[in-house]
Each structure stands twice: as structure tokens, then as C-alpha cells.
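Have a look below at one chain only, the form predicted alone, in C-alpha cells format.
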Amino acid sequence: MLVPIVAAAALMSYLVWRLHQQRSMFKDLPGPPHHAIWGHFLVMREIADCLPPDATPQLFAHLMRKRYGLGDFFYLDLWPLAPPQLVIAHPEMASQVTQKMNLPKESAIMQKWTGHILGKKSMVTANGHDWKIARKSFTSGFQPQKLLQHVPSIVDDALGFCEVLKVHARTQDVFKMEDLSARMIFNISARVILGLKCNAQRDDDEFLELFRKQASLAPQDFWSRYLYDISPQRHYQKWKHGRALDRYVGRIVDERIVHVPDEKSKYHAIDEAIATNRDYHSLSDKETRDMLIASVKTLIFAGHDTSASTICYIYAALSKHPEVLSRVREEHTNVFGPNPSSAPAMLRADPKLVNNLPYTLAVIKEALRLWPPTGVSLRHGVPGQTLKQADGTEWPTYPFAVLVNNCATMRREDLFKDPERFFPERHLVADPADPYFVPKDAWRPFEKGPRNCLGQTLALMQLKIALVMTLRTFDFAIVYENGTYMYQTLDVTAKPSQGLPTRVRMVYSI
């Protein structure tokens, strides 16, 4: 009887000591009101109560800054459910973390969120040698000149998207735009990266469904990202679907290794990666093969997931800003002529035309500023590496998880005039004296530094082509009912609520 009592007392004493130690860490650190017992849980609850239950937590830092008048960075104490955090919300501070120090990724936490989908060697979570090898392997396949070769096939997939939209235009039904756009972008990603022709727009594609089964098992709210999943069934499902996904991708990788394309046809990203590793490693090596599989999964899943959401945000914004839509359509007419049906042939003949759309690019950039699908870059502090203010004051990065919250940065009033306004013109301003000029490094949806998004050129290219193919042919009406509205939900990345219910109307026959 005495042993359990002593054990319980010892445990209680340890927890009290640990709590005191943890809460004391934040005594002299900048942040919102801190409670000696609850840390910042009460603050997080207040912020969460301002948002729908399924809203993405990347908005929390922005709302917290406004409510409590916080500065360029602040610390959060969420122990025991989350590690101590340093939140960055300023481009100069962010550049210290991502470019100057290039702090390592917070791999353990990120593996909890996406490990079952992307794998342990994913280039978004790996550090050191593993990351360098993965990044180097796929960099050449995503160079702009390489990607221009894929414009004709991207046009084909965009036209397939138009065919599906025409069906919805005839029936005048309400559909989920996020699902539709994700299917198109998945086709593009699979073709560019693997040379694989999927049929996701017209049918249930096995490859896409494998990804979706895994994504459905990801945490759907803020706290479940940090809590351990106690469901044996969910762990089994993650293992089962993950194994099937690895087998699917592994089979394709093995086929590409055996059947080496000639130099002329070697323009898919996987072929470039295999060629790079053929020079330095044995391709039969399990470690190299696992890296290739994880990288392919990362590039296809992250690429299609984020770009699909961005298309939705653009259509939603243009439906509310007809003056912007009119100017985009005017640019498309100036580049491709008055007949929208001529654009596909012109792009196939001269892929570089995709680079002659500055206002369309500005619209994309403004949508990414207001609704970034991934608005947080998660790093881990390092002993001796400090955050430096302009006055020379230094603040610790260790032992904190460092959240570079670009969502909060890109809504700052001192960086973006009228930050809540959808105003693409700001991205065309070149004069620093203009109030709408975007400061250096302030726009960062693809992050900055060595670990910026490898697929950003492809993302912008496919978005521009999709808009060229659709904006002069269709009108998009966003159809939320019963008092609901568009906001960003947490579904692996930040997606539009309810999948963006949409109705389309044809304005030009193609």
C-alpha cells in the first residue's frame, strides 16, 4: 500500500517541478499574457473561440498579434501538449531563421503530421545529408527551362478541366471546386514528375485515392496534431495505406531505373533524379530507393494539394472583384487574341507565352498572400543561435520550436497597405515610395532560403495556364448557404471550407 502512495507522490512532485520549470522559462520573454499554471492555453482558447472549430491554426498568430499588440516575434508556452514555441512574424526575422541560420526542420513534430503520407525521408522534414541528397536529386527536373517542355501536356489537362466544367455549366449544379481542381493538378503533377498519365479528372484514379486515404487519417484540428493517436485501427490503416502507396510509387521508380530514357526524352523529374543518383550512388541501394519514393510522394502530394486550394481562392476572389476579373481577361485577350479557343494552340507552339502574363501572376500572388495553403515553416532552435533585433538585443531560438508564420507576416499593416484587401496591383509596384510597394522578403508563401519550395515554378506555371483556359470561358459563382462563408480549414494544408461550393456558367463556347 505504501509503494503506490510514494510513487504517486513522487510523480506529483515531478509534475509540479516540471510545470514550474517550464512556466519559469517564459518569465522574461515577449508574448501574450502568461498564466503561472496554464501558460498560454487560455490565450489559445480565446483565439480559437473567434474562429470556426475546423479553422486552420496558421491564423492564430495573426489574430494574437492584433489582439495583444505583439511585435515581430513572441514566445508561446503550451506545455505539456506542445513544445515551447518561438513565433516569427516579420520578414527580416524570418530571413535570419530560414536564410542566415537556416535552422533545421522540426522533424519530429512534422513527422507526426505528415509522416504517414510522405515518409521518413521526405525532403520537407529531413535535415542534413538526407535533405541535401533529396533536394539535389530533383532540383534539375524543376528548372524553368525543363518545365517549359511540359506546357503542352499541362494545356491538355487544363482543357480536360474545362470539359468537366462544361458539364457542370449545363446542369447548373453546385459542386466542390477543391475536389475538381485537385484532380486536374494531380494529373499534371504525376505527368511532370513521373511521366505517368493518370485519369483522375474523369474517374477514380488508384494513385490519387491512395493519397486521399492517407490524408484522411491526418490530424484535423490543432491539438490532435500534438496528441498521440491512441487508436490501433488508425495506426493500422496508416500502415496499410502507406505500404500500398509505397508499393505503387516504388514500382514506377523501379521501372524508370531499368528503362533509362535517352537524353532527348529525359525530361521528367524522376528521370533527372535517377540520372543524378546513378552518378553518385548505387540505385539498388535501399536508402537511395527510399529517398526517391519519399521525394516523389512529397512533390506530387504537396504540389497538387496546395495548388488546388490556390485555384479555389483565386476563383473566389475574382467572383467578388469583377474589376480584377475584367483586367485579367483583358490581359489574356492582349496575349492570345480575342478568341479564347486560340490560346491552347498558341501555348503549345510557344510555351514561353506563359511568362507574358504579369497581371495574372499578380492575381495569383495576391491570393497566395491572403490565403497561403502552407502559411507556416516549422524549424527547431539550435543552442548558440539567437534571433537578433536591430538594436542588438538577442533572443534564444533554443529549446524552442521556431514557427515562421508567413500567414501573419503577409497580413501586417506596416508591410502591406490595406492588408485585408484583395489588390493584385500591389505586386506590380516598383517604386519603394509607393504605399503599396511590397517590401523585400515580405511576400513568402513559398518560403525563402535554401529550403524554399522546389515546385514553385511549376505551381505558378500550371496556375497561369489553368486561368488562361478558364477565365474567359466561364463565370464562377461561389455558393455558400445558411450563413456559412469561405475560410481556411485544417486538412493537412489550409483548404477552403466545404471544398468551395461553386456553380459555373459558360460565357464562351470552346
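Values in this document were obtained by computation on a predicted structure and should not be read as measured data. Sequential numbering from 1, following the sequence displayed.
What comes next is about the form predicted together with a small molecule, which does not appear here.
*Asks:* Heavy atoms within 4.5 Å of the small molecule in the model of the complex: which of the stretches 380-388, 174-182, 366-374, 395-403 has them?
*Replies:* Contact criterion met by 366-374 only.
*Asks:* Residue 429: heavy atom within 4.5 Å of the small molecule in the model of the complex?
*Replies:* Contact with the small molecule, no.
*Asks:* Wondering, does residue 454 line up within 4.5 Å of the small molecule in the model of the complex on heavy atoms?
*Replies:* Yes, contact at 4.5 Å.
*Asks:* I'd like to check something about residue 64: if you look in the model of the complex, is any of its heavy atoms closer than or equal to 4.5 Å to a heavy atom of the small molecule?
*Replies:* So residue 64 does not count as contacting the small molecule.
*Asks:* Classify residue 446 as contacting or not contacting the small molecule in the model of the complex by the rule of any non-hydrogen atom within 4.5 angstroms, answering yes or no.
*Replies:* Residue 446 belongs to the contact set for the small molecule.
*Asks:* Considering 119, 303, 141, 340, which brings a non-hydrogen atom within 4.5 Å of the small molecule in the model of the complex?
*Replies:* Answer to the contact question: 303.
*Asks:* Which residue, 86, 291, 249, 193, is the contact with the small molecule in the model of the complex, using a 4.5 Å heavy atom cutoff?
*Replies:* Only one listed residue qualifies here, and that residue is 193.
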